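Single chain ahead, written as structure tokens, the form predicted on its own.
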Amino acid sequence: MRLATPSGFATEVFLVETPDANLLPEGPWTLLGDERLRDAWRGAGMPEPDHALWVSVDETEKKLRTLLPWLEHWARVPLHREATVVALGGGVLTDLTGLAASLYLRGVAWQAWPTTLLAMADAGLGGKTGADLAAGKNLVGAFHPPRRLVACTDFLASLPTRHLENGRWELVKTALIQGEMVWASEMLQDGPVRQAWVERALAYKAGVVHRDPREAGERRLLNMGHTLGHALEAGSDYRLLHGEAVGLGLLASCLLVEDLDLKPFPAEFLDLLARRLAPLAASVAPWPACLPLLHRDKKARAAAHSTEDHPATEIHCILPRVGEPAIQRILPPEAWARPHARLIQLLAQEAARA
């Protein structure tokens, strides 16, 4: 099924049950896939170029050095400008492949075939590719949208429960951005992830990206949960998965609104969030570890009152609202200190009840 996207949108979006070879590039192409999916790909009768690369990458390898062997391999094949790279895997592989495609011959076409719920809801659509630096996450990258995104739900069947939960938080984020409390609460209940949720999230993101492809305004809303989330992810030495860190960041964002004299979220909703996140309590980095990471966040900038003797930083933050669309605020990193403390408190309370 091809999803409806805005006219002129850079990426065709397909949501299908099983892999379909008809959705692969018509011209010359190569495959860069997660080696854990090789048997599933072949078992589905999907073609595999002789020069396909099957790799294993995780968050600790989301580095520029990881790309060099891929680029050298493509040059040896050789791939020419009319070739298309097909990325088959999760969010890290999708981000890195898109970045490599943007660099090779100054940009070749690529397709995203995300195989995790997180990648389907986040990394595969929008064209934001990236790699991490020692100073922080996704500090290098390029806007290079895939020509086509093909989300095959069959790939989700083999995912561990933790990875399905990991992707659920990007869906919850989409609901909170729009102030859709009923939808967010529905997705926080026990039960499987529904295809209709994925469709709805992809359609929303496509609209936002089309209106703001370079993240100059509205697209910044998609960063909800990522400000403190990125710091928590890095502060855990990546024991937290990206979606888990975003979930923690979402709860902290809901807590932060109270400090800014906005309408507080109902206690029942905060408890629902905390209940699903309670198993992550032991991986939440302490505040002193988070603060330096917030100062180095890619959305951080020098504050207007910053001086050489008294440097100050401010961050572009996205705040959810009860029943209303999210808003954007510029805040100092220290604004997250109290929500961080309350986050730990709520998780501890829920863990004690379990």
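As the structure is a computational prediction, the values presented were derived from the model and not from experiment. A residue's number is simply how far along the shown sequence it sits, counting from 1.
Separately, the form predicted in complex with a small molecule exists; it is not shown, and the next lines address it.
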_Check for me whether the small molecule, as it appears in the predicted complex, comes within 4.5 angstroms of all of 254, 296 and 328 - heavy atoms only._
no
_Which residue, 274, 177, 92, 100, is the contact with the small molecule in the predicted complex, using a 4.5 Å heavy atom cutoff?_
92
_Residue (of 210, 163, 148, 220) lying close to the small molecule in the predicted complex, criterion heavy atoms within 4.5 Å_ = 163
*asked:* Although the partner isn't part of this model, could you tell me whether residue 116 comes within 4.5 Å of the small molecule in the predicted complex, counting any heavy atom of the residue?
replied: yes
*Any of the heavy atoms of residue 315 lying within 4.5 Å of the small molecule in the predicted complex?*
no
*Hey, in the predicted complex, does residue 123 get a heavy atom within 4.5 angstroms of the small molecule?*
yes
_residue 53 within 4.5 Å of the small molecule in the predicted complex, heavy atoms_ = no
*Hey, of 56-64, 317-325, 22-30, 287-295, which bit sits against the small molecule in the predicted complex at 4.5 Å between non-hydrogen atoms?*
56-64
